[in-house]
Ligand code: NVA
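We begin with a single chain expressed as structure tokens, specifically the form predicted alone.
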Amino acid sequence: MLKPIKLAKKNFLSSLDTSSEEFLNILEIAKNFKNKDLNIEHKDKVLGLIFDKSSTRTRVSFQVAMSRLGGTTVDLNPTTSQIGRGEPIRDTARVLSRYCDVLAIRTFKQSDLEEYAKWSSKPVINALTDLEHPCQALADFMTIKEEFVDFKNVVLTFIGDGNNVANSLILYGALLDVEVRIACPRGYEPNELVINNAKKMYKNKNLLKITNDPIPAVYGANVLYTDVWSSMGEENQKEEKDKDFLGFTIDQSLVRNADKDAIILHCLPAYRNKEITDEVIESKKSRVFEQAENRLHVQQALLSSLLI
């Protein structure tokens, strides 16, 4: 019988926190949850959500995932708890880990997430930081695997800001030796430390390509992926970034340069006719809503792997 592999690392703070075997096991468990071929119960387990950033898919998918495992969720809104009044993370983490069995944290600084993990006696999950979005990347690669069966010869092109999503895609690409191309305007490249870590992991370092021209980046690509140009907390940069990202919209003319069987991904929310056209997101090539659904299944599998 298929079983989750207990993760060697206690926490899931980064895409670097799983081995390739653990990663593929999470995807297989998620697939079986999705097909209703697997039933795992973590009755009476409690997931604590600490979200400093607003959320739709991450919040709901974690709550539903925990519910399907037979557990419950406590939503700790900073505006209605002591967290928002400046209580030290070390105090919050030590108290909550006596109440909860696992914590999912969505915040700005990666260092704050790491501080929670340092003081918590229970597993901590990165539900998004400014540096990484590893839960999203799990769902992305599950969606790719559903389409192409495995990752052999897959070319993934991300067009847009070299943000937290791009960083996690790069790291999982390195783990799986998948060709990842990032096309972004000059000055918006992914985190340099992430790029260096990925190059150390890649068997073939030429599989990671960073470019400032989206057109050659999409040639022959199997997956075209984009995200909003201005992330949460960057509202004051919106006008400037809109100008800088002109020419980086995924539209039909760009899609035509990709592989004929290419699929389209977007982690949502989408600003239609900005980073992606309405026509493309609603096209037969789009897997955007399958991708969104897969957030639920991979997080159910991740929780199962952490709660063993």
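Just count from 1 along the sequence shown to find any residue number. Since the model is a prediction, treat every value here as computed from it, not as a measurement.
Here the subject shifts to the form predicted together with the named molecule, a form of this protein not shown in this document.
*Asks:* Tell me, please, which stretch of 221 to 229, 142 to 150, 207 to 215, 167 to 175 lies within 4.5 angstroms of the named molecule in the predicted bound form when heavy atoms are compared?
*Replies:* The contacting stretch here is 221 to 229.
*Asks:* Answer yes or no: in the predicted bound form, does the named molecule come within 4.5 Å of a heavy atom in every one of H133, N163 and L268?
*Replies:* Yes: each residue has a heavy atom within 4.5 Å of the partner.
*Asks:* Counting only non-hydrogen atoms and a 4.5 angstroms cut-off, does L128 reach the named molecule in the predicted bound form?
*Replies:* L128: yes, in contact with the named molecule in the predicted bound form.
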